[in-house]
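Quick heads-up: it's one chain on its own, the form predicted alone, in structure tokens.
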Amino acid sequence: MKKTILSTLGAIGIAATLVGCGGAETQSSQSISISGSTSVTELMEVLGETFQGSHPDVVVEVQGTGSSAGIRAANDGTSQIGMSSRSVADGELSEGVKKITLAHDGIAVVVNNSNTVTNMTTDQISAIYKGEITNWNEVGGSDSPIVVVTRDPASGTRGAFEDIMSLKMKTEDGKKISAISASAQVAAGNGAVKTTVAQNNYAIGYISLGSVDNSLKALSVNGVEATPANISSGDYGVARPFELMFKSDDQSEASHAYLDWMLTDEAQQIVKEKGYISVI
């Protein structure tokens, strides 16, 4: 579990935040606890650092625990704000829990830089993840086995990817389950997927578009490049929202201020600079 405390605490901040034997952490009126999607975490850390620059008495704590855990944390109040990298249905939220959209993000289908494949259709990607296509030469690449990398079942990125790529199937009793091959390697977060794909010439994975760097390459999907402009226009269809959940009547003054600030021009400019799509 990834945890970042985004501030340099002064004497007062330390006294408010660290109490008891061993310096155990507690939530003060000036702390903001946030947990959930590892994809949203990367952006939230930057936003938190910026917010604290003008609010030195505020401590923003961000934990990357996965979208499902973020939804639970918002519902049971263990975090003031939960993060999800997929659309959250109203039925998943407890009474009094609201949601806002922080940004929109593409899901990039990524391969090793040495891979000669540059484009695939959604049908081909789906077939690879179902285990129906197992060699790169079936999609225009070398005669090499495909190493499929996916995310854990609690990942919001995986949930959105499965929906977009038609990677869910129904059991006899009507329950929806994943159609991703059981032989796929499971990675715990964006960083783990990036590392695996960057180090394996034959790997394929999917990560947040905002996490793509020169250590690997993003494929075009259906002939459309994965870019913020193509997501905004709707031409690149492998996209999802970044959503935040919170109990509207159970927020500190600092948390209210932070939620409001994240939808300002200043914060949304950071969203754009980090490669995501602004909501304003």
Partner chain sequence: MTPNMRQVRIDKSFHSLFFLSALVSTFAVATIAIFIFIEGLPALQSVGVGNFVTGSSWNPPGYFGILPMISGSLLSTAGAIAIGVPMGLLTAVFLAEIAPERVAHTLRTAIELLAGIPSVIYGFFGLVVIVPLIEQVFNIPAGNTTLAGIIVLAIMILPTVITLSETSLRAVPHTYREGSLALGASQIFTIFKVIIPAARSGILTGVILGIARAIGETMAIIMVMGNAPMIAGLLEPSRTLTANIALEMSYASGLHANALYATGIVLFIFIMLLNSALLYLNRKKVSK
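All values reported here derive from a predicted model rather than from experimental measurement. Positions refer to the first chain, counted from 1.
What comes next is about the form predicted in complex with the partner chain, which is not displayed.
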- Message: Although the partner isn't part of this model, could you tell me whether Gln199 comes within 4.5 Å of the partner chain in the predicted bound form, counting any heavy atom of the residue?
- Response: yes
- Message: So in the predicted bound form, is the partner chain close enough to Glu172 to count as touching (4.5 Å, heavy atoms)?
- Response: yes
- Just to confirm, Pro153 within 4.5 Å of the partner chain in the predicted bound form by heavy atoms? yes
- Query: Would Ser35 count as a contact of the partner chain in the predicted bound form, using a 4.5 angstroms cut-off between non-hydrogen atoms?
  - Reply: no
- Within 4.5 Å of the partner chain in the predicted bound form, heavy atom basis, the matching stretch of 173 to 181, 206 to 214, 122 to 130, 97 to 105 is 173 to 181
- Message: By the heavy atom within 4.5 Å rule, which residue out of Thr78, Asn113, Asn135, Gln185 makes contact with the partner chain in the predicted bound form?
- Response: Gln185
- Query: Mind checking whether each of Val139, Ser232 and Lys274 has a heavy atom within 4.5 Å of the partner chain in the predicted bound form?
  - Reply: no
